[in-house]
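A single chain comes next, written as structure tokens; it is the form predicted on its own.
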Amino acid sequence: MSDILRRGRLSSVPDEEIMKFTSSMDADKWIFKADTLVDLAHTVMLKEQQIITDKECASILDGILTIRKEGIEKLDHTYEDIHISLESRLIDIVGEDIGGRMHSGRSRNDEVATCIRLTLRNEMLDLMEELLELRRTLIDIASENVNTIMPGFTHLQHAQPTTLAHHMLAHSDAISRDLGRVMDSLERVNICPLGAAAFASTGFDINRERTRELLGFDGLVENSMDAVSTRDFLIEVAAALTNIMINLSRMAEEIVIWSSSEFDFIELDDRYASTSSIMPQKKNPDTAELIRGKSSVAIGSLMSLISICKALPMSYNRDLQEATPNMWRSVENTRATVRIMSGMVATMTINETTMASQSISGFTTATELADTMVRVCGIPFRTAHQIVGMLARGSGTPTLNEIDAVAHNVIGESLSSHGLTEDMIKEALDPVLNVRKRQVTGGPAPLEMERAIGKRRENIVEDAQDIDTVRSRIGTKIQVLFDVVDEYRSIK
């Protein structure tokens, strides 16, 4: 292939180690298809602006489509990046007199920035759909377990009775916010830097709005220096991915704990477990453990991106080449983790009996007993808190006589004299009735859970429609690009 990059200013070729050190070809595999789209749109614009002729345009478009069909494997991987390798291949196909005109009014700087945004845009849309599927799975589990009583925890200690529906919906809501962050950041990803050239734009009479439209971008990164040098959109998306992975890691931690013999709340499907090489009885939650470990990939990628972009002068610097591998690593890892988590929770077995029996362990109904004292006897909550706290030092279920004895020591009188009865105590200590009373918005009461689940199903439909709208709008624009390409290829 033609040595089109170094033959002018440089007289020597780097040795193999230097080439390997400076090459971005491994990471550039992600942006191959995006690069061909950018080339097609740029060539169309050059023709429309009369910077190249109709015949030159048709030949270049034919060549690009040939390269796109051949795939990245056909390109020369000894070049330092995919852009030069692709252009070199084009020149081999159509000749330098024609192929050498494609890069007019453009730099690799604005080209790569555009390719990254195009590729990331598609990855984000796919990720959002996968997050939707995880939310559906969590909500389905919640819907089936509105009355599944379990202990809730603070500090990993038994706290108050709740339901599995309440717990699953908490995770679903966190994932919903994660999806919102990705959707919000798409607004700043889907803007076009093409036409900025190296950093000072170009003397060619290009039409940036035309290429923006053909590539389905919603706007321009207007300032040409900012367009080629910023990677703030990568940092923003990487932060959103980190949030996702942290939330998934929290879920994974609970799965590991819940599947232990000590908890025995769930059992993972065999597909998501492993066994020991020496202990034949073991069923290990390896997949969940790996999710915890893989959260470090997103965290590390974010830290790398921040470190790379820190203190870089305007405008383009080669340091930025190291940014995209971190982005693709985090994207790939996060998307896979979302899919795995969805499958893992969808197929796990829920041990309802164990959850119910543990729902009162550790005096989890103590708060409702204190609340009952406040409502019935009119004493301050802090006083009731003290009485129940003293009762908690003992063992077993407190009786009315025991409550009166403690109350007499605290306030000098019994609570039965204020209307507290054995039936009231029994009701307060019932975990099912505990949950039913908590009908405040966001609480675990079955009626509130049914309302919340219905609302979140509506939210998923709305989010799915928003994603489809964005994808359809982009797809329509890209189809227009290919239609124009077909039209211009026929002009010889």
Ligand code: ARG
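A residue's number is simply how far along the shown sequence it sits, counting from 1. Keep in mind it's a predicted model, so treat the numbers as computed, not measured.
One more form of this protein exists, namely the form predicted together with this ligand; it is left out here, but the text below deals with it.
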Consider the chain as shown here, without its partner, and state which of R135, R106, H83, R212 has a heavy atom within 4.5 Å of this ligand in the model of the complex.
H83
In this chain shown alone, the residue from S88, Q321, S416, N243 with a heavy atom within 4.5 Å of this ligand in the model of the complex is Q321
If we take heavy atoms and a 4.5 Å cut-off, which stretch out of 382-390, 160-168, 347-355, 109-117 is in contact with this ligand in the model of the complex?
109-117
Might Y316 be said to contact this ligand in the model of the complex, defining contact as any heavy atom within 4.5 Å?
yes
